[in-house]
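First structure 1, then structure 2: two forms of the same chain, each alone, as structure tokens.
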Structure 1
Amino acid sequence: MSLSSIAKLAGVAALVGLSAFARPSGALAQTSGEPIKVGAIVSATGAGAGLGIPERNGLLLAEKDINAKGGIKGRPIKIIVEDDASNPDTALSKANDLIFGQKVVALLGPSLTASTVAVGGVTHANKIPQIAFTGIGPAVERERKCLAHVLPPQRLNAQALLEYAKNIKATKIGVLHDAGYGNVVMAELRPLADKYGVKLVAVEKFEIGATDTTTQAAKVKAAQPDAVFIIATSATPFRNVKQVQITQPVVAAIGSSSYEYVNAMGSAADNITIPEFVVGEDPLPHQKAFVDLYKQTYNATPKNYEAAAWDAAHIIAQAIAKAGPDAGGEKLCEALRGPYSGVLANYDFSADDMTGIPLSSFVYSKLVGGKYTRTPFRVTQ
């Protein structure tokens, strides 16, 4: 036997050994046949990386879980994850590649609203089911009945904040929000404020990625609100609110809930209430299995975006199983429409907003010393 043959044999033996170790313990169902390809686009680099990286982790974990449980009617699922670098043009190219080049049966993602709408143009025209990791965006998305969303629409995020204000009897609210995500939530919050009997005494906006918002925080403080809402994807306003010594309750929208932002808040990550879905430190009973598996695999605590991606992969797997892997886009879209009890929330994809998340799916957590605890408050509908 030649030296190269020995080396090849050793390589194969090593691979077999490694794959044996890589398998999770417990009995595994066997999958066989051609893998069913599902495409995924996330923002693993660029401005949206704080969302895209957790989503990719959630997707890969879901792929492993689905295959470990026998795949889709015995066939393995293969999730091909691509990075759009937080750019809608790149997302469009990636979607074309996945749909027409790699022939995926469905698309998961992208992470950002702009990319979702751009990609939606291709999936809608070609009747490819898509499950986006965003809340519903501009009006055109309401026509796209093959495009489901696993995160709440911004109106619901605004309602979740106001519900908490009502609970703590805060009627004068100061708001600090960024010019992107914050702007969109704010547009929904303004008309709702009256309905909740809330007066917006100061609304201060800052640029995305601003490194100092002290002036805006000081203005909010001067208006003497009962509570302060922070709607952004940034740690900066949280630090500045502490610096100007705002002592009123701070309520933050879900956008800043990831650990990436919490760690950047430092000592300011204290006494902040967040309406969200997954509190990794204290999960709800139906979230526990996912949280445990995630911790075991990644040695980290999952939050909302990991769970959203996990849900999206399982939802599409269920739809493919229901309609059959070769059913075609239109039948898959039909199979998608309907209720689904996920880790993040209870969805109903037959709803008008293709999300159907009820307000009661929100849990309210409190950040204390950089760690989340789940509060008993929930909205009952």
Structure 2
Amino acid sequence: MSLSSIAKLAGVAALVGLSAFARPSGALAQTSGEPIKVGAIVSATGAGAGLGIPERNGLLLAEKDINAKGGIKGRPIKIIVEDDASNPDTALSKANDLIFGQKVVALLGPSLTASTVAVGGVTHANKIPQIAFTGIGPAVERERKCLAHVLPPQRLNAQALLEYAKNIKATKIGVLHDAGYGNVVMAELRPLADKYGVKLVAVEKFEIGATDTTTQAAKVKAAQPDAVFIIATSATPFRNVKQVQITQPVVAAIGSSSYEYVNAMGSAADNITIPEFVVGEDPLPHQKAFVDLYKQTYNATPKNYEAAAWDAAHIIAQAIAKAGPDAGGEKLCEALRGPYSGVLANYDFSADDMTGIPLSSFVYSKLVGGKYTRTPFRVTQ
């Protein structure tokens, strides 16, 4: 399905009731009173649209679900979704308008690491709870205890890649990574490589939004690695890896796991292993109700970013209900800290990384002809 087709489906209505985390529930409830406004910033256009459009779908699905069950203490939730066009400056501008202009009580998103860091400066200074669709990256984010994350920290993403390399006995690794998300994961991967007995024989960087990475892919091929890591939010490096005829196993970080990117890979979407969380074709038992609802609503298979946005909306709704609909930002931040059972994973926002996802939560899938198959490999802790 194309990006434009998915976008057109974003407003699909008529849901059946589910519990806060996609478990079946009973009859629909009524909401009344002034809506509780929550802001959301996603990359619905630009280089990050492969993340932002699924996230927007997950948010709108969650909003309908929460309101179908009575909202937050009887009041409806209204999620105001803004597009930052994959630009950190735009994200910051949208955040300021949502917080100071539209008076939202919390922020969800953004989609990309650089935008999350930019917006986090505002939410941290003003004690506005924020749940980002990214994993904790730069060190500054550890100081921001009102900023939770519903995707794994980049150190965990690096570990997940290296665990699979160890599993297939790959000791020489070539890497293609972008200058944004890929840079942050690489900063964590480099110091971990030695601990895993892995040598990085070629590390090639490309700009976000690059349309041709064949030069970088050819350099990785020339280094004759045992396996290739691709760390990016883009389909381009996968197409180019196939173009230069790299035959070694390709392992991709979770940033490339959305179907928007997979569809853009074309015939290159084959024999790629991804450490992730939601395999819509074969969901874990606690994910099945959400996956079925998403398919029913959008006629598409959900992945990690749809589930992360769904979780974020339900988590902030639970925090607002706990603190009270009229609680200030500081009380909402306090209410946010703690464990939550979600579709994507089990979180603990009292953890130092404001995520609390364990490495053992990863599942490993393989793309076969553009579709995901869950593999038997899991990391044990």
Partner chain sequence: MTSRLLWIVAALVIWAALPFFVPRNIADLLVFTGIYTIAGLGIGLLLGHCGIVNLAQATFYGLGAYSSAYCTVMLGLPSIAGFVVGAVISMALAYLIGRPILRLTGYFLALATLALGAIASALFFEWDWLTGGTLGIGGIPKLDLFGFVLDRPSRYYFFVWIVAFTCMAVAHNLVGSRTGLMLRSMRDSSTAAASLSVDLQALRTQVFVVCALFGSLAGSLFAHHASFVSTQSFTVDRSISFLLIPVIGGATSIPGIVAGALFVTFLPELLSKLGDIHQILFGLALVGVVVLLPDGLMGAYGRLQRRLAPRRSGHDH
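Since the model is a prediction, treat every value here as computed from it, not as a measurement. Residue positions are counted from 1 along structure 1's sequence. The term rigid core refers to the most C-alpha atoms you can superpose between the two forms while keeping them within 1.5 Å.
Comparing the two isolated copies of the chain, the first one is the form predicted together with its partner chain. Relative to the larger rigid part, the smaller one is rotated between structure 1 and structure 2 by 12°, as taken from C-alpha superpositions. The rigid core superposition between structure 1 and structure 2 gives a CA shift for Ile231 of 2.7 Å.
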